[in-house]
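Take a look at this single chain, the form predicted alone, given in structure tokens.
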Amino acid sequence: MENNLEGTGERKLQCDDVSKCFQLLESILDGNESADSQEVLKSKLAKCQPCFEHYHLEQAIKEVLRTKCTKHEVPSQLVENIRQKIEEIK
């Protein structure tokens, strides 16, 4: 079975340069993108299954972190009570 099936519209099963590709994908996901890198990404995702999977996994992780790991305001009375308890323990 051939790994590079670009002519048939299928993605290849192995990446030719995993390290370089993953750096590009993570850079774009971090917002460090240019028009050229966006085009390279679009082409890579269309042709390379490992890059496609890594991109979507990283994108999902970043979305979970962005939505679930946010700062929530704490009532000032709660903060004061915690500080007071800490002082009492010292």
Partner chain sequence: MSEVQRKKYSDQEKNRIFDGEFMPHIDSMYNFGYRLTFDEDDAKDLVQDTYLKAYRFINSFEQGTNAKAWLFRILKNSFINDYRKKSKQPAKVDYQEVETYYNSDDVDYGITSDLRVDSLKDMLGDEISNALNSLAVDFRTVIILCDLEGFTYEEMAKILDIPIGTVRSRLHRARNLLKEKLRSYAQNMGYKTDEEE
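For the two forms, the rigid core is made up of the largest set of C-alpha atoms that agree within 1.5 Å on superposition. Residue numbers count along the first chain shown, from 1. Since the model is a prediction, treat every value here as computed from it, not as a measurement.
Separately, the form predicted together with the partner chain exists; it is not shown, and the next lines address it.
Engineer: Classify residue 46 as contacting or not contacting the partner chain in the predicted bound form by the rule of any non-hydrogen atom within 4.5 angstroms, answering yes or no.
Structural biologist: Residue 46: no, not in contact with the partner chain in the predicted bound form.
Engineer: Hey, in the predicted bound form, does residue 42 get a heavy atom within 4.5 angstroms of the partner chain?
Structural biologist: No, residue 42 stays farther than 4.5 Å from the partner chain in the predicted bound form.
Engineer: Taking any heavy atom pair closer than or equal to 4.5 Å as contact, tell me whether residue 32 reaches the partner chain in the predicted bound form.
Structural biologist: Residue-level check for residue 32: yes, a contact with the partner chain.
Engineer: Does the 4.5 Å heavy atom contact test between residue 13 and the partner chain in the predicted bound form come out positive?
Structural biologist: Residue 13 lies outside the contact set for the partner chain.
Engineer: Can you name the residues of 32-63 that have a non-hydrogen atom within 4.5 angstroms of the partner chain in the predicted bound form?
Structural biologist: Result: 32, 33, 54, 56, 57, 58, 60, 61, 62.
Engineer: After superposition on the rigid core, does the Cα atom of residue 71 shift by at least 2 Å between this form and the one not shown?
Structural biologist: True for residue 71: a C-alpha shift of 2 Å or more.
Engineer: Rigid core fitted, is the C-alpha displacement of residue 82 between this form and the one not shown 2 Å or more?
Structural biologist: Where the cores coincide, residue 82 still shows a C-alpha shift between this form and the one not shown that is 2 Å or more.
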